[in-house]
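Here's a solo chain for you in C-alpha cells, the form predicted on its own.
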Amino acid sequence: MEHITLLIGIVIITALVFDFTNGFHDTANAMATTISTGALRPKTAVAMSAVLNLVGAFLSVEVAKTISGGIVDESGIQPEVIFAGLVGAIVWNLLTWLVGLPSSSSHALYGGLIGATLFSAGSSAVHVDVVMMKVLIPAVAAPLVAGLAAMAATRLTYRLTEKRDERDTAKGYRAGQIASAALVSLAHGTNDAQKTMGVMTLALITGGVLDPDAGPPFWVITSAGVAIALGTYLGGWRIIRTMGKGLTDIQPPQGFSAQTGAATVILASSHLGFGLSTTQVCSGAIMGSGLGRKGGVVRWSTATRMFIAWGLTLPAAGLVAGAAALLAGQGDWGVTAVAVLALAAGFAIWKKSRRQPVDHTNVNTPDIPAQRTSGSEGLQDEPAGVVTAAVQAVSPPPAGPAAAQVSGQATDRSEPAGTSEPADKPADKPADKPANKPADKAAAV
C-alpha cells in the first residue's frame, strides 16, 4: 500500500468530521420520541444509541460500496474534489442543526459529492442512473413505505388493545419503545456510518492507495463507526427538541409502531445497498403513526416545511461544494482557503448556538417560542417541545386538569398587568368608602 499523502489525510479527517456531525444530527431519528415520552433519560438514550451505531457500522458494507464505486466516477476526480464535497455537506449539516431542522445528512453528502464533481469534472463523471435508482427513487419511496407500515402497525396495535386500560399497557409500550429505538440506532449504523466509509474508501482509491472497486479496510470501518458513535453521544439536542414537538402527538403505542417500521425499512435498504435518508424514513413513519391512530392529527404545516428543506438539501449542499471545488482546484492555496473558510463557518455557527444553548437538561422544557400551527380550528398557539405532555393526551383532547390548565394559561395571558391580586381590591374599596363618606358629610354640614 502506497504512502497516504497529506491531501488524502486531510480528506479522511474531513470525512470523519462529517461522520461526527451526521451522528449528532441524526440522533433524533432514534431517540426523540423515547426521550420525550420519558421512556429513557436523555443521556442514557444517547449513550445506548451511540453504542448501537458503533455495532451497526460493522454489520454491512453494501452502502459503502455504492458510494465508493457507484455515484461518481472515481477515475475522473481528484481528492480535493471529495474534500470540497465533504465541506458542502458539513456546512449544510451545521446550518440545519443550528435551526433545529431535521434535514437529511445523507442527501447533504450526496449533494456535496455530486456538486463538487459537476463543477470540477463535468456531468460525465456522475453516474446518473445510479443516483436515480439508489438515491432519488428511495428518497421518495422509503418515507411512503415506512409511513404505510407504521400506519398499519398503529391501527393493528390499537385494535388489539382497545379493551385494555391505557395505564395497563403504557409500561409495556414504553419498554417496546426502548427496544424499537435500539433497533433504529442499530439500523442507522448499518446505513449512515457506511456512507462515510464509502467516502474514505473513494478518497483512498482516487489517491492510488487502494485498487478500484476495493472495499473499505478494517481501520476505515472502525474509525467511521467510532466517529458516528461519538457524534451520537454528543446528542443533537436542538433537532431532538424539534422532532420532540413532532409531526403529530405521539403516544407510546404510536412511537413503538413508528420506530419498528422505520428500522425495518432502513435495515432492508442497507442490505440492498440503498443509501436512503434515515431522517426521511423516520419522519414518514411518525406521520404514518399519526394517521393510524383514531383521532390522530398530522401537523401538515410542519411537514411542509420539512419537505421543502429536504428538497433544498441536495442543491444547497451541491452549490456550496461546487464553489469549494472551484477554489480547491486552484492548488494548495485553494485547498487551504477552503479549509480556513470551513473552520470559520463552523466556529461562527457554534458561537451563535451558544446564545440559546439546548442540552439534555432542557431538551423537554417548553421554554422556546410557541409556533403557529394549522389545526382543525384554524391557527392556534402550540407550545413548543412538549411531547412529554402530548404523550399523555388522547384524542379528542381531555377536558380534565389539562384543559383547565390550558384555560388558566389563556386567562393569564389575557389578564392585564397589575391585577395579580383581584381579591384584595373588593376588600379595599368597601373599607375606603364607608370611612370617607361620613367625613365628607360632616364637612358639608
Partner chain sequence: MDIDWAALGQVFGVSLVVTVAIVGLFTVGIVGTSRKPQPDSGSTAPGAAPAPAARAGAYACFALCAAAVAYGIYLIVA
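Positions refer to the first chain, counted from 1. Small disclaimer: the values here were computed from a predicted structure and weren't measured.
Keep in mind that the form predicted together with its partner chain is missing from the display, and what follows is about it.
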item: Partner contact for residue 233 in the model of the complex: its partner chain, 4.5 angstroms, heavy atom; value: no
item: In the model of the complex, residue 132 touching its partner chain (heavy atom, 4.5 Å); value: yes
item: Close approach of residue 118 to its partner chain in the model of the complex, 4.5 Å, heavy atom; value: no
item: Distance check, residue 157 to its partner chain in the model of the complex, heavy atom within 4.5 Å; value: yes
item: Within 4.5 Å of its partner chain in the model of the complex, all of 137, 141 and 173 (non-hydrogen atom); value: yes
item: Option touching its partner chain, based on a heavy atom within 4.5 Å in the model of the complex, out of 126, 186, 358, 91; value: 186
item: Position in contact with its partner chain when the complex is considered in the model of the complex, options 77, 221, 306, 149, heavy atoms within 4.5 Å; value: 149
item: Among 335-343, 298-306, 261-269, 223-231, the region lying within 4.5 Å of its partner chain in the model of the complex by heavy atom distance; value: 261-269
